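Given next, in structure tokens, is a single chain: the form predicted on its own.
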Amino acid sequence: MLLANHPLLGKTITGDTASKLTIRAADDVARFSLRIDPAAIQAAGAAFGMPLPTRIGGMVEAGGRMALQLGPDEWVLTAPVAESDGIADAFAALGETHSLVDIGHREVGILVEGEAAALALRSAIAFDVEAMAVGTGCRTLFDKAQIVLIREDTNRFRIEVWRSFADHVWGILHAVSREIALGL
């Protein structure tokens, strides 16, 4: 489900068959930033309804929910939009000191898929995207915009970016998709 005010509503970039690249707005999800002492990880996982990853860059997915560890005490959590209030309530009842912030209003997702996905991302990311393992993620820069990059599958990446930078990131991806289609 895309929100009516989603900055990328209705946008899709599909390359020709030679480029094997599709870029599209991701379905909207509930998004949270969780900060908690790693010693309380089991309690946090119980509140979220699934175990949280225990290594930086690690990702766990189950039942439409996803948890990605970004730092020693920092996770990004996503879930279906309809589950947002239940997650907030579960963490409100958590007996551990923590910070859970709803960041769903500030970020949108962009899916970059196909055999040329890593090539497209490499144009504006200063590390070896191909070396990223499937099922991992990290905070990085795309050109000058901070993003969270998640490798969901061999040829499928998800970018989480602030709404205010979404058009900028989209524009670069659009330009790169044209270059890839032309074999530049």
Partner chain sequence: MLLIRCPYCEAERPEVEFAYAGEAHIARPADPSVLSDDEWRDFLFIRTNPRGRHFERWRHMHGCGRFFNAVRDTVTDKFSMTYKAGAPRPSDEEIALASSAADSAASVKDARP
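Numbering follows the first chain given and starts at 1. Computed from a prediction, not measured in an experiment: that's the story for all the values here.
Not pictured, yet referred to below: the form predicted together with its partner chain.
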Exercise for review: Just one of 150-158, 42-50, 58-66, 133-141 has residues with a heavy atom within 4.5 Å of its partner chain in the predicted complex, so point it out.
Suggested key: 133-141
**Study point:** 4.5 Å heavy atom contact, residue 95 and its partner chain in the predicted complex
**Key:** no
Practice item. Would you please decide whether residue 146 lies within 4.5 angstroms of its partner chain in the predicted complex, comparing each non-hydrogen atom pair? Key: yes
Point to revise | Proximity of residue 83 to its partner chain in the predicted complex, heavy atoms at 4.5 Å | key: no
Exercise for review: Give a yes or no for residue 74: in the predicted complex, does one of its heavy atoms lie within 4.5 Å of a heavy atom belonging to its partner chain?
Suggested key: yes
